[in-house]
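Below you'll find only one chain, the form predicted on its own, shown as structure tokens.
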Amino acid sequence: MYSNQIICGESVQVLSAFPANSVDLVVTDPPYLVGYRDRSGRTVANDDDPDAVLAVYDELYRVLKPDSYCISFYGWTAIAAFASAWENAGFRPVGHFVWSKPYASKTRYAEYRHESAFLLAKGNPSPPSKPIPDVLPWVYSGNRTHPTEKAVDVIAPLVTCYSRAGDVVLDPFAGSGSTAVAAALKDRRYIGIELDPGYCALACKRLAGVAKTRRIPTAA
């Protein structure tokens, strides 16, 4: 079983080699299926390809242990497609998180001032002993290394609440590695899968810094 690794490749293909019921928690920020382009022209791979993104949830359901959680950010304009993929995979929604931004990331029909994620269950996991609020303050990463980079401070409370020390936390859309970094900092094992070799290298660099300060192995 892979752990404490960033794997460069296509998520469905990589996950197909994983054993069933082997991952404790999924926390992921997939492409939102909105054709995103930031002010500097950066884009997100497969953000215009629903088949490449949504097929991953079948594999996530398979590799997750019984009675466990998947936390997935999503694009609200594509919620019907995401919800259908989650239901077809076998997940059921048991919670919903909203992060309130102090600024508008975009203005059109309304000012866009939030990010959101669903808490999805495989089976019937026990509720956490200390649930976190479903409305949380946003922490801006600056998107310095990735056009849609989530701050570690956004991801870490999810990891802490819905897994235990030593658990395996998986992110099949790892980007610059924020989920893996959050897992490592919270004494969890991590697996990140990322299509772009440049972001894989960046995530490994970030994790090497964490390992150096906390003596965390980078592969097992």
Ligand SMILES: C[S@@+](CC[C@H](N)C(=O)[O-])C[C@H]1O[C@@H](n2cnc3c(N)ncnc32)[C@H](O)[C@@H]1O
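None of these values were measured; they are calculated from a predicted model. For every residue, the number given is its place in the sequence shown, counted from 1.
Just so it is clear, the following notes concern the form predicted in complex with the named molecule, a form of the same protein that is not shown.
Notebook entry, point to check: Between the options 181, 168, 195, 154, which residue brings a heavy atom to within 4.5 Å of the named molecule in the predicted complex?
Noted result: Selected residue: 195.
Check: Going by heavy atoms within 4.5 Å, which of 57-65, 182-190, 159-167, 38-46 lines up against the named molecule in the predicted complex?
Finding: Heavy-atom contact with the partner occurs in 38-46.
Check: residue 173: heavy atom within 4.5 Å of the named molecule in the predicted complex?
Finding: Heavy-atom contact with the named molecule at 4.5 Å: present for residue 173.
Check: Would residue 149 show up as a contact with the named molecule in the predicted complex if we use heavy atoms at 4.5 Å?
Finding: Looking in the predicted complex, residue contacts with the named molecule include residue 149, since a heavy atom lies within 4.5 Å.
Notebook entry, point to check: Contact between residue 10 and the named molecule in the predicted complex at 4.5 Å, heavy atoms?
Noted result: Yes, contact at 4.5 Å.
Notebook entry, point to check: Along 25-45, which positions have a non-hydrogen atom within 4.5 Å of the named molecule in the predicted complex?
Noted result: If the 4.5 Å heavy-atom criterion is applied to the named molecule in the predicted complex, 25-45 yields 29, 30, 31, 44, 45.
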